[in-house]
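Below you'll find only one chain, the form predicted on its own, shown as structure tokens.
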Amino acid sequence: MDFWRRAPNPWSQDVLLGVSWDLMWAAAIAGVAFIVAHALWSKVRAGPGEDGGGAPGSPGSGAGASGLAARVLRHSLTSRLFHWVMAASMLVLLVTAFFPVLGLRFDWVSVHWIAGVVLLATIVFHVVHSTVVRNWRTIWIDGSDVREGTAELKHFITGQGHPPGKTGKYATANKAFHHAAVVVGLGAIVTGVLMMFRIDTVFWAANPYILGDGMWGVVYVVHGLCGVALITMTAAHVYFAVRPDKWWLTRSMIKGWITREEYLTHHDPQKWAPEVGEGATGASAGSAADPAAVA
């Protein structure tokens, strides 16, 4: 399997053209292999009545449950709109990047860079919104997440140790995926913006001479590596989104809320007590039982 595509430029210098398309197939195969392996091992490790997820706890009336409304808002309307716009732009980027390689011919360049601009705009908005309005720390890994995540992975693979306990708003796996998406996404966006200088857009006229052939090759390779990584990551993300034991999370990204039972089953109120306007806690929160009114 080749990793890079190379060719001589007009001065007979051997330069990089980008990643080998073999990596596209490798990424797709890796995604399918991960899905199959995880699904099979989840079945093997599942306890009675479980589908491999295994609820980390059981609902109860512990601390933080008093006055909890029937529904707890997990994602505001703004957060949900950001997520789905970002998801749509990402799918368009993947289709326009790799379908032409499969022989599907269309005017993909214009669609590709426009989708990239939409993705960049949504991410800039998300950064500002998370920093100014939301609590951005809830999604970042700290020392306790590393310990809990390591223990959870060990328990899932070997069955040793204690099963995972209740988490804060985001489990360690969610945070780890977010971090990986940040690295890969930024790599794709920075190199994508540079590549836009090679074509005419509404922002500027084409200027392919801002970088030399050697540096352009590096830009193409980094962009391609990020692109093929996103194939595997997207496949894994969709897989977890449709798993029966994770559907409650997917529903919350559609409707915004989780039930009181789901909150108490999966979340530790000491680690995540929904904020005012984010969820319904407290004796006077009954009127917030419909998160649509809060979002």
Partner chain sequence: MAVIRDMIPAFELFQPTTLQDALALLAEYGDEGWALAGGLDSFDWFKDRVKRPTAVVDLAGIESLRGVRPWGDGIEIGAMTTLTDVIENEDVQSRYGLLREAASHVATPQIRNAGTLGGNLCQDTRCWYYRSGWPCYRAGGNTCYASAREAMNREHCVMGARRCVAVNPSDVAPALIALDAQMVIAGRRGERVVDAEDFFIGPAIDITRMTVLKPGEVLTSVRIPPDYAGATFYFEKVRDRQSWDFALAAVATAMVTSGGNIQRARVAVNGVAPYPVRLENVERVVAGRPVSEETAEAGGAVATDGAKPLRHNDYKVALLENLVRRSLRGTEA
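Because the structure is predicted, anything quoted here is derived from the model rather than measured. Positions refer to the first chain, counted from 1.
This next part talks about the form predicted in complex with its partner chain, which is not shown.
Interface stretch in the model of the complex with its partner chain - options 143-151, 69-77, 91-99, 207-215, non-hydrogen atom within 4.5 Å: Of the stretches listed, the one contacting the partner is 207-215.
Heavy atom within 4.5 Å of its partner chain in the model of the complex - residue from Phe177, Trp108, Phe125, Tyr170: Looking at Phe177, Trp108, Phe125, Tyr170 one by one, just Trp108 meets the 4.5 Å heavy-atom criterion.
Of Ile199, Ile139, Ile189, Met86, the one that lies within 4.5 Å of its partner chain in the model of the complex (heavy atoms): The option sitting close enough to the partner is Ile199.
Partner proximity in the model of the complex: Phe156 to its partner chain, non-hydrogen atom cutoff 4.5 Å: Judged by the heavy-atom cut-off of 4.5 Å, Phe156 is well away from its partner chain in the model of the complex.
In the model of the complex, Tyr220 touching its partner chain (heavy atom, 4.5 Å): Within the cut-off, so yes.
In the model of the complex, Leu17 touching its partner chain (heavy atom, 4.5 Å): Although its partner chain is absent here, Leu17 would touch it in the model of the complex, with heavy atoms inside 4.5 Å.
Contacts with its partner chain in the model of the complex, stretch 2-16 (heavy atom within 4.5 Å): Residues within 4.5 Å: Arg5, Ala7, Pro8, Asn9, Pro10, Ser12.
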